[in-house]
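Presented as structure tokens, the chain that follows is alone, the form predicted on its own.
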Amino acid sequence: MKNLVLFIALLLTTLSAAAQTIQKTAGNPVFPGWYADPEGIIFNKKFYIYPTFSAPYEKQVFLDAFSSEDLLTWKKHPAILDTAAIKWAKRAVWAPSIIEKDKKYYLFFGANDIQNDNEKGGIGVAVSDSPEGPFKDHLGKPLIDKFHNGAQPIDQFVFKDKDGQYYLFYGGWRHCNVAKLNKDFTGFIPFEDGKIFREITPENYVEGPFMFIKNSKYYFMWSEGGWTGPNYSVAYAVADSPFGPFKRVGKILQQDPKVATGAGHHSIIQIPGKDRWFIVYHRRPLTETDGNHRETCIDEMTFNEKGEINPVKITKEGVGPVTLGI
């Protein structure tokens, strides 16, 4: 009996030690609920995700945010922005993009899903002293409320270039524009040719632009296909300038019929000072057919020796713990 007790104790100790060596992962989705179009970013040595609340348009009247210190556990910050604070926004509040400037946090968003220049809505800007809100209307009106170069004013992404200049990339309906933001984000600065909105649409572009810099190259990414379908996906191009020209390289994120469908509308997080990258995206579980049933996931993104993005393997396990020296 004594030997049996000792054996069980030894076995439990061994199993406990083995369990501690197993890499813990976040699992996908990284937090519960239907959320899409996630923008992942780092503020104050903490990870943040700002997604669209994925529901019928009339119910999309607020934005939640989520924060994490390790990519494993996420804290919800509910209703950091809502239509009570943005009087001109009524519905379809989409695809937030956020940036810090001069100790203020500027949240760009689309609202109302306008279909022509006569409807009220478009791309707005909200501001807060904290990345967790609450956010208030920066302008009291949309920043962009017209169709320029055929681009629906949605799916905005704010980008800071190496020289400190801020740009806004945006556009649905298979057109993408870039515009140069002024210092206080209340409007735009014309380009040298006098134009405000420069079209940079690459082959197969549909929506969801995103840009990052690696080794002095500009990686421009976007979503292809229809957002309600299984073949929603992400492709990219590389250029020497944020204005292109952008020649499509190929897809790097798409469905895996064994894991999930509709993988798209993403963002990228780089761990500061390291060649380690994560793709934050939404996808649809295999059990779901409702177009709005999308969930937010994170997987690792890598590059080959040529600097090309390797195809991302979408997983159920997600990523392991990462801390930022907190």
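A residue's number is simply how far along the shown sequence it sits, counting from 1. No experiment lies behind these values; they were computed from the predicted model shown.
From this point on, the text means the form predicted together with a small molecule, which you will not see here.
Q: Could you confirm whether residue 52 comes within 4.5 Å of the small molecule in the predicted bound form, counting heavy atoms only?
A: Yes, residue 52 sits close enough to the small molecule in the predicted bound form that at least one of its heavy atoms falls within 4.5 Å.
Q: Should residue 39 be classed as touching the small molecule in the predicted bound form when contacts are defined as heavy atoms within 4.5 Å?
A: Residue 39 lies outside the contact set for the small molecule.
Q: Could you confirm whether residue 283 comes within 4.5 Å of the small molecule in the predicted bound form, counting heavy atoms only?
A: No - in the predicted bound form, heavy atoms of residue 283 and the small molecule never come within 4.5 Å of each other.
Q: Answer yes if any heavy atom of residue 135 is within 4.5 Å of a heavy atom of the small molecule in the predicted bound form; otherwise answer no.
A: So residue 135 does not count as contacting the small molecule.
Q: Out of 157, 218, 227, 236, which one falls within 4.5 Å of the small molecule in the predicted bound form, going by heavy atoms?
A: None of the others qualify; the residue that does is 227.
Q: Only one of 148-156, 70-78, 189-197, 123-131 has heavy atoms within 4.5 Å of the small molecule in the predicted bound form; I'd like to know which.
A: Contact criterion met by 148-156 only.
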